[in-house]
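Quick setup: one chain, the form predicted on its own, written in C-alpha cells, and binding and motion questions come after.
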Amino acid sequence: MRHEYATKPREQIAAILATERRYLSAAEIFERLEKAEAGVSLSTVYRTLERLREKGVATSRLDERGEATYLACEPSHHHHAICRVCGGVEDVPCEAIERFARSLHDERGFMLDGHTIEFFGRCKSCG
C-alpha cells in the first residue's frame, strides 16, 4: 500500500496498516506510533485513516464496542473472513454473491447496488 503521501506521519500510519492483516483502531495505531516516538497526534491518525478510506486503500468497520477500526484493503470488490480468536483477516472473492445479485434482478426485478458481507470464525492457525 505504498502511495505518495505528503507527510512522514501519513506514511507511518499507512505502513502500520499495510503490515497488519487485521482491523486496527486509531488508538491502537496511535499507541504504536507513540512507542516508536513518531510524534504523531491522535487527530492526525484519525484524519489520515479517513483519507485512506476515502481513497479506497483502506476499509473500515465498527468493532463489537462500536469503535471504528481500519484495514488496508485493495479497491477490488471482495469480502472478509475475520478470525474471532486472533483477529486476522483474509480476503474472500465472492462470485456466488454476484450470481445472487443477478438472480435477484432477473427473478424479482430488484437492482442491487451494494452489499456488505463479513464471515466470522476461526482461521487455520487458530483452528
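Heads up: residue numbers just count along the shown sequence, starting at 1. Since this is a predicted model, take the numbers as computed values, not measurements.
The protein also exists as the form predicted in complex with another copy of the chain; that form is not presented, and the subsequent description refers to it.
Novice: Would you mind picking the one in Arg47, Arg84, Lys55, His77 that has a heavy atom within 4.5 Å of another copy of the chain in the model of the complex?
Specialist: Only one listed residue qualifies here, and that residue is Arg84.
Novice: Any idea which of 97-105, 34-42, 69-77, 47-55 reaches within 4.5 Å of another copy of the chain in the model of the complex, heavy atoms considered?
Specialist: Comparing against another copy of the chain in the model of the complex, the contact stretch is 97-105.
Novice: Is it the case that Glu11, even though its partner is missing from this view, gets within 4.5 Å of another copy of the chain in the model of the complex, heavy atoms only?
Specialist: Result no; Glu11 lies far from another copy of the chain in the model of the complex.
Novice: Taking the shortest heavy atom distance, is His115 within 4.5 Å of another copy of the chain in the model of the complex?
Specialist: Close contact exists here: in the model of the complex, His115 approaches another copy of the chain to within 4.5 Å, heavy atoms only.
Novice: Counting only non-hydrogen atoms and a 4.5 angstroms cut-off, does Ala27 reach another copy of the chain in the model of the complex?
Specialist: No - in the model of the complex, heavy atoms of Ala27 and another copy of the chain never come within 4.5 Å of each other.
Novice: Who in 17-47 is close to another copy of the chain in the model of the complex, meaning a heavy atom within 4.5 Å?
Specialist: Nothing in the stretch sits within 4.5 Å of the partner.
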